[in-house]
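In structure tokens, the next block holds one chain alone, the form predicted alone.
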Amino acid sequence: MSNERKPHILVTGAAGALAQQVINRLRDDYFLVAVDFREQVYLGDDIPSYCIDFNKRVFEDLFRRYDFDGVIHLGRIMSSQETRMRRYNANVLGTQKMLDLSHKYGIERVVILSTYHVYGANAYNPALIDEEAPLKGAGLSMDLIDSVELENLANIYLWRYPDLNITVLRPCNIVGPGVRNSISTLLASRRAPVLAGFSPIMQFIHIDDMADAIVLAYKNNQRGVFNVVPEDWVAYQHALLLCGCTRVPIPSIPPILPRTIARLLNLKSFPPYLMHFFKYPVVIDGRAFRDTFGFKPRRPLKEVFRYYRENKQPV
């Protein structure tokens, strides 16, 4: 067995907590190469790690050098992290480059991390949103356009190049230790804004369960698009109470008002492009992923909320 070549996997977004969890789950059985365009991270002597812009020629050199069998693309950056143009270059053009190289070098397995934000939040959303629902996120905000375009790209390649075996995962809010997204920052804060009169149902998945889901998706080769979500959900304001946050109501009308207040108070965790998600429920249906991959989350909501209750400092 020791003489057999381990399958080679490229993991993007290696500076993120989720990618590092995925890497830890795979490192014994696979030869991994870690890439992030923001910073180089040390993950041990056995894992080559690079800080590379996907749109630069040196990115292709990795494909030549390491002869990858698969790619796990977790390198999508959030709207809060970069300017809009830089984010578009990374999320959309970078993903396109990665998919082109994957096709060129005969890669047989690609897993891409997306987000439930692509569905958009509006008053007319169905009670349970499945994978067939239209992606309305771009219509609500310029800041979600790159997320929707990344998905559209993935779907084009999914059907154009079936040999890539692309699986796209759309998780709900990822939370837990090390997560640095908007919702995690809110749950970890002592005082958290809420839109007066609104408390939409929200879904949360623990980072451990999400890492398990990604590994499961990679190992069980099923092409397609899948929502990833546990079976439980909770109202946003109730989640804040369970996390020990003091709620700070912000007037919700006129629409410009909450955006102005959030900007004045420098509430980076309450960005304007997500304002609708604090108003209208976006409840996604995870049955297809559960049934196809046999996914069973292990971390209940109460464990998530206990973590934030006991760790009340900026995450």
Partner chain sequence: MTFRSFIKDKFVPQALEDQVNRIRKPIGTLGYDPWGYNSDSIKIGFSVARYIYDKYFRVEADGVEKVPSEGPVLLVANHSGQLPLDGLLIGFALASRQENPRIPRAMIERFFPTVPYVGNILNQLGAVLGDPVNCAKMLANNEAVIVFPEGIRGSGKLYRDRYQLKRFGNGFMHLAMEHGATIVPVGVVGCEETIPAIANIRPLAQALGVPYVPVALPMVLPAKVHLKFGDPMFFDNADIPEEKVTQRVDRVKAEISKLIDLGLCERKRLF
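Residue numbers count along the first chain shown, from 1. A quick note: this is a predicted structure, and the numbers were derived from the prediction, not measured.
This protein has a second form, the form predicted together with its partner chain, left out of what is shown; the following refers to that one.
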Partner proximity in the model of the complex: V234 to its partner chain, non-hydrogen atom cutoff 4.5 Å: yes
Distance check, A15 to its partner chain in the model of the complex, heavy atom within 4.5 Å: no
H238, heavy atom within 4.5 angstroms of its partner chain in the model of the complex: yes
Exercise: F305 in contact with its partner chain in the model of the complex, heavy atom 4.5 Å: yes
Proximity to its partner chain in the model of the complex, single hit among Y280, Y66, Y50, F31 (heavy atom within 4.5 Å): Y280
Stretch in contact, per heavy atom within 4.5 angstroms of its partner chain in the model of the complex, of 185 to 193, 117 to 125, 158 to 166, 67 to 75: 117 to 125
Heavy atom distance at most 4.5 Å to its partner chain in the model of the complex, all of N181, V225 and D291: no
Interface residues of 189 to 214 toward its partner chain, as seen in the model of the complex [heavy atoms, 4.5 Å]: A196, G197, F198, S199, I201
